[in-house]
Ligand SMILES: NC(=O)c1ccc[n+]([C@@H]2O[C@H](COP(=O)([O-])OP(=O)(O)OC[C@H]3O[C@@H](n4cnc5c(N)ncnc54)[C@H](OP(=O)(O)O)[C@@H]3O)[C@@H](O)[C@H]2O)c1
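A single chain, nothing else alongside it, follows as structure tokens in the form predicted on its own.
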Amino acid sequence: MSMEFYTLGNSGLKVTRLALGTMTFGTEWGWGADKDAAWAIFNAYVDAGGNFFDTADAYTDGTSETWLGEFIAERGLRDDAVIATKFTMNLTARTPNSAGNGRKNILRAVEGSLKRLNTDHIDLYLLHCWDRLTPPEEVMRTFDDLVRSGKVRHVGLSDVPAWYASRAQAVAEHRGYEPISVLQLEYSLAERNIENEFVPFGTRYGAGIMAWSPLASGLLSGKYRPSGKGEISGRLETLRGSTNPGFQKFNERNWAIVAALEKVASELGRSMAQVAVNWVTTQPGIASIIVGATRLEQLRDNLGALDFVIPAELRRRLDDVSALQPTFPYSFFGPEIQGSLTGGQTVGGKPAGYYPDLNISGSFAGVS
């Protein structure tokens, strides 16, 4: 396959459409890849042309960052690699200022990540999760200080409310701080809530969406079935009793999505995982998709997700079965009420090409 390069948001940072998620590097959490398997997965991704790596200081108790740093150094890829890592969730913290999004913890966390990754800079540094405490003004000022110091190149937010992201971007614009280039958010056929707020925000205000869990933690890979006859050793089964909403996927709506996805994949002659990843990749506002694996064959299958087009009729089936039920205030934005806002006349949105196309190619992308 051939990897395409896109810029992240309004930045000049060029990344491949598929990013390698390394939360699976390490077995400390009871699932994941050992070092030999992680090395094989890393090499297969690089050899396929990938340049974008996602990790976090909390992943597998720091093993993920450490191994990623070792692997990049072993291949001599630091100038080519784009490393994204995150702070917030210090799972071993014993004091309140050793976790969260305050300035004190950000400055502590970045030094730890730089050491584990064995690098002098982080290409993309992200707030991992809203702590419900720290104002965006403090986060954005600290981000800007890190960029000015040279320790960080670009910044982003993950798992925050839309209002918080909007405020953070407005603060950056008003004060001349480094802007938010990336929103890292869960997105899949089974989890489409970002379409209400984050996709419009990202496309209008320069933040590309980096989608995590495009397979809904493995639900959409085909390994699970409502009958319980599928694989029972996967992550969702291991974490069945978890209170983490990212792992609570077994419900009637999602089983209907799995059934429809299986039929579409069969008609296309593709794996369910490939179709699920393809659908996410080709949705509006999506800049890059994080794919992770515990086995080499899983990654190789995911790498084939961009080699085909889902026909309109099959795509409509997936859209319909996974569609969100309109809730307030979005239920007010349909044609019935919107018509009364335009004097009963049909009014289009912006003309084609109104928003700049951030797709790149040729010499700017470093490819021919």
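All values reported here derive from a predicted model rather than from experimental measurement. Residues carry their position along the shown sequence, with the first being 1.
This next part talks about the form predicted together with the ligand, which is not shown.
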Study note, to complete from the structure: In contact with the ligand in the model of the complex (heavy atoms, 4.5 Å), from 155-163, 252-260, 107-115, 131-139, is stretch 155-163
**Study point:** Contacting member of Pro179, Gly100, Gly292, Gly208, with respect to the ligand in the model of the complex [4.5 Å, heavy atom]
**Key:** Gly292
Point to revise | Heavy atom within 4.5 Å of the ligand in the model of the complex - residue from Lys223, Arg78, Arg270, Arg192 | key: Lys223
Review point. If you check in the model of the complex, is Gly218 within 4.5 Å of the ligand, heavy atoms only?
Key: yes
Check your understanding: Is there any non-hydrogen atom of Leu13 lying within 4.5 Å of the ligand in the model of the complex?
Key -> no
**Study point:** 4.5 Å heavy atom contact, Glu70 to the ligand in the model of the complex
**Key:** no
**Study point:** 4.5 Å heavy atom contact, Gly9 to the ligand in the model of the complex
**Key:** no
Exercise for review: Decide yes or no: are Tyr59, Gln184 and Ser213 jointly within 4.5 Å of the ligand in the model of the complex, with each residue judged by its heavy atoms?
Suggested key: yes
